[in-house]
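Given as structure tokens, the chain that follows is alone and in the form predicted alone.
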């Protein structure tokens, strides 16, 4: 029976903003779900065995070179209706139209992707009183991420400015802002030093995140009863299905990850997110209820371009 393994890439970790590797494991879950769906579209059934050599340790610095999953292939895969949305899926990082509400029916369509009683639970709100509270949380958490030197530098290392950098790297945070490109060309923007809080780059970044947060017309989130690596994989698989469903429904869905980050400076916002969304204290161990994903909802003000993708050969080893 043909098979292959999925390994994590230590070079792509973000230890400052994701010190326990929770977010990167969620990303592996999203990849697994898309891969299983793509294989099924070709009539191939993929059986997923997680952690064939044991789960990853609690901190990425202790991670061994072991597979996240092993996939065994056989005939009989049945196409998934959501696969039709894969190439249409976008992550809108722009303002949403505050004149266009997200309906309760749309929200129900999204939360139903994670069935009640399963490994992953989904919640959401389009009630504006609650939305406004979550908007403030997201904007405040984004400012903490930008003002904390370690996370700020980590983000700067992943900043891709202008078409040449974006196409060269095909990852990270893509910005094609003419003013920033000119500043870099003139040597006026140093990516080796965090921007001062009173500087134009810091204020511009704050404005971008505030525009995102303050135009949210709803929120949807995914949680798990525990916080094991297997729970995190399940959340990633549920997330990508939820975003594909959002694409099908014609609503934008954009992860707001900052309030869920686990570095020390974010602790008050991390606690607030769990209190507001689950009514619980922040997770203390792998058995604690955990909010794994939180996304804003709305209708983008303009068409959202496709993000560049790395070439297959960059991450496949024979």
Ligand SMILES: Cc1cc2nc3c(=O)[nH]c(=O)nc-3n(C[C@H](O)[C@H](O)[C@H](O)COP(=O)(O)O)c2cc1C
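Numbering follows the first chain given and starts at 1. If you're wondering where the values come from, they're calculated on a predicted model, not measured in any experiment.
One more form of this protein exists, namely the form predicted together with this ligand; it is left out here, but the text below deals with it.
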Heavy atom to heavy atom, is residue 307 within 4.5 Å of this ligand in the predicted bound form?
-> yes
Does any heavy atom of residue 93 come within 4.5 Å of a heavy atom of this ligand in the predicted bound form?
-> yes
Might residue 17 be said to contact this ligand in the predicted bound form, defining contact as any heavy atom within 4.5 Å?
-> no
Contact of residue 89 with this ligand in the predicted bound form (heavy atom, 4.5 Å) = yes
So which stretch, 250 to 258, 263 to 271, 37 to 45, 276 to 284, is the one near this ligand in the predicted bound form (non-hydrogen atoms, 4.5 Å)?
-> 250 to 258
Quick one: name the residues from 14 to 39 with any non-hydrogen atom within 4.5 angstroms of this ligand in the predicted bound form.
-> 23, 26, 27
